[in-house]
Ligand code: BGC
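Quick heads-up: it's one chain on its own, the form predicted alone, in structure tokens.
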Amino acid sequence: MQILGIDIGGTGIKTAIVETTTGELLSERTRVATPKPATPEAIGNTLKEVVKQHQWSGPIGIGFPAAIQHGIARTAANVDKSFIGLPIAECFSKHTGCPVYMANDADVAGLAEMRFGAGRNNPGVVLIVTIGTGLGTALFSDGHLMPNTELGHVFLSNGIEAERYASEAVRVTKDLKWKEWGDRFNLYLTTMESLLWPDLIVLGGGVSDKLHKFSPMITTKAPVVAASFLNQAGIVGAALFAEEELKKIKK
């Protein structure tokens, strides 16, 4: 099945057409800036243009930076707070003219890694952390997703919210060296380990291909690996989520 996958982040919106049986991108990966302010209307209009650019009229899967419960946004991390309480799939369907299926951005990235990537065939507990404007998380137990964990918002032992201390945005804004940022990120990972005891930790997002620069600072007992899809996991996973939802409808 071919589905347009869209990964909406706090700074950028990435898209590509995905072949869901393989996870392969069938079109060029495109990226446009997330509008500021990132309101439903502004993002909806941007998605309308993106869909037109791809000449797309089929189903769309979207990863979105919020906890999404039965199609309703319950939080709004790094986007406008007016999303809270909004049936966003329905909203974006109206803008694009296409059927839209949405889930939390880290959850869909996790789906890609568990089906085709670094988490494939890994039993036990797998924690996936996407590092970008914030810190997104997806938690799997024996391949089953626990949705909307939002563990980037936990408070660390220093009293600071995790994503305000150890995200990629913080590293860039504070111009931190890799060792400085690596020590911060290690505090986050060791905190997660003490709460969840994962068997494997997979890192995705913008800095996942730089793991070698900060891996010496990581002290978790669980192995830490880079996501196989690197920064494309959200696109692929969004398409996979849409595929799963379409299969449910057909049943």
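Counting begins at 1, following the sequence as shown. Note that this is a predicted model, so its numbers are computed, not measured.
We do not show the form predicted together with ligand BGC, though everything after this point is about it.
Asks: From the candidate stretches 59-67, 214-222, 32-40, 185-193, select the single one in contact with ligand BGC in the predicted bound form, where contact means a heavy atom within 4.5 Å.
Replies: Of the stretches listed, the one contacting the partner is 59-67.
Asks: Which one of L135, L127, M102, L111 is close to ligand BGC in the predicted bound form, taking close to mean a heavy atom within 4.5 Å?
Replies: By the 4.5 Å heavy-atom cutoff, the listed residue in contact is L135.
Asks: Although the partner isn't part of this model, could you tell me whether T96 comes within 4.5 Å of ligand BGC in the predicted bound form, counting any heavy atom of the residue?
Replies: Output for T96 is no: heavy atoms all beyond 4.5 Å of ligand BGC.
Asks: Taking ligand BGC as it sits in the predicted bound form, is A106 near enough to touch it, meaning that at least one heavy atom pair lies within 4.5 angstroms?
Replies: Yes, A106 sits close enough to ligand BGC in the predicted bound form that at least one of its heavy atoms falls within 4.5 Å.
Asks: Is I88 one of the residues lying within 4.5 Å of ligand BGC in the predicted bound form, judged by heavy atom distances?
Replies: Flag for I88 set to no.
Asks: With a 4.5 Å heavy atom cut-off, would you call A77 a contact of ligand BGC in the predicted bound form?
Replies: Residue-level check for A77: yes, a contact with ligand BGC.
Asks: Do any residues of 136-159 have a non-hydrogen atom within 4.5 angstroms of ligand BGC in the predicted bound form? If so, which ones, in sequence order?
Replies: Heavy-atom contacts within 4.5 Å come from G136, E150, H153.
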